[in-house]
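Listed next as structure tokens is one chain, alone, in the form predicted on its own.
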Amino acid sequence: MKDLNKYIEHTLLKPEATKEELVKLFDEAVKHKFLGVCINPCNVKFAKEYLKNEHIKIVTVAGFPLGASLNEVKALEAKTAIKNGADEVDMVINVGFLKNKKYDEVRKDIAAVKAACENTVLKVIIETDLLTKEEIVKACLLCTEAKADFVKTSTGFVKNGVGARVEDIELMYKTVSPYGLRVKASAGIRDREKAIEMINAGASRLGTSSGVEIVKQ
């Protein structure tokens, strides 16, 4: 498969990321013409300035990595990130609310962030490692009801988590594609073979810190 770089959001979300590591990430994104970089909100202004002459999306996160913040906080985080230069926002779903069947609260949470994003793309991380297949479907449907733009598999922060699985991507795609939403596969995508599997299963974005290795294979 050609043009894998056009699917990749080159990712650096670890809390201890240094300025040197961020610069390396940005330079790699430019060199390999990745679709975007995915970074923590505190680094958005720096990314916006560093990449101001490049056609690379600046993606950031809200309610990350637990998803347990109040929706007002997630919404403010998203709004501030956009003001600082973010092109897209990946929010984390309230997994506890979902598993406790507090579906109205989950929907309101997503909708509040989407309202703050206005026309900015919103992806919703449903954390598939913590969900049953039935819960994955329900989470996806709530995302469609709240008018999100993407559903996304994982934060990559779940202890002993697998991350993106082909069967989960297929299920997510089958659930949301009739409503016009897209799927982002994230976490555990470390080689070209798995990247292609994710795309063939229905993913139109790949979140990975192994983008350079993937496109060089």
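Computed from a predicted structure; not experimentally measured. Numbering starts at 1 and runs along the sequence shown.
One more form of this protein, predicted in complex with a further copy of the same chain, exists but is not displayed; see below.
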Would you kindly say which of Lys147, Lys99, Lys138, Arg107 lies with a heavy atom within 4.5 Å of a further copy of the same chain in the predicted bound form? Lys99
So if I measure heavy atom distances to a further copy of the same chain in the predicted bound form, which of the stretches 51 to 59, 36 to 44, 165 to 173, 23 to 31 falls within 4.5 Å? 36 to 44
When a further copy of the same chain is placed as it is in the predicted bound form, are Glu16, Leu130 and Gly156 each within 4.5 Å of it, taking any non-hydrogen atom of the residue? yes
Answer yes if any heavy atom of Glu72 is within 4.5 Å of a heavy atom of a further copy of the same chain in the predicted bound form; otherwise answer no. yes
Please check if Glu77 has a heavy atom lying within 4.5 Å of any heavy atom of a further copy of the same chain in the predicted bound form. yes
In the predicted bound form, is there a heavy atom of a further copy of the same chain that lies within 4.5 Å of any heavy atom of Val95, even though the partner is absent here? yes
Within 4.5 Å, heavy atoms only: does Thr120 come near a further copy of the same chain in the predicted bound form? no
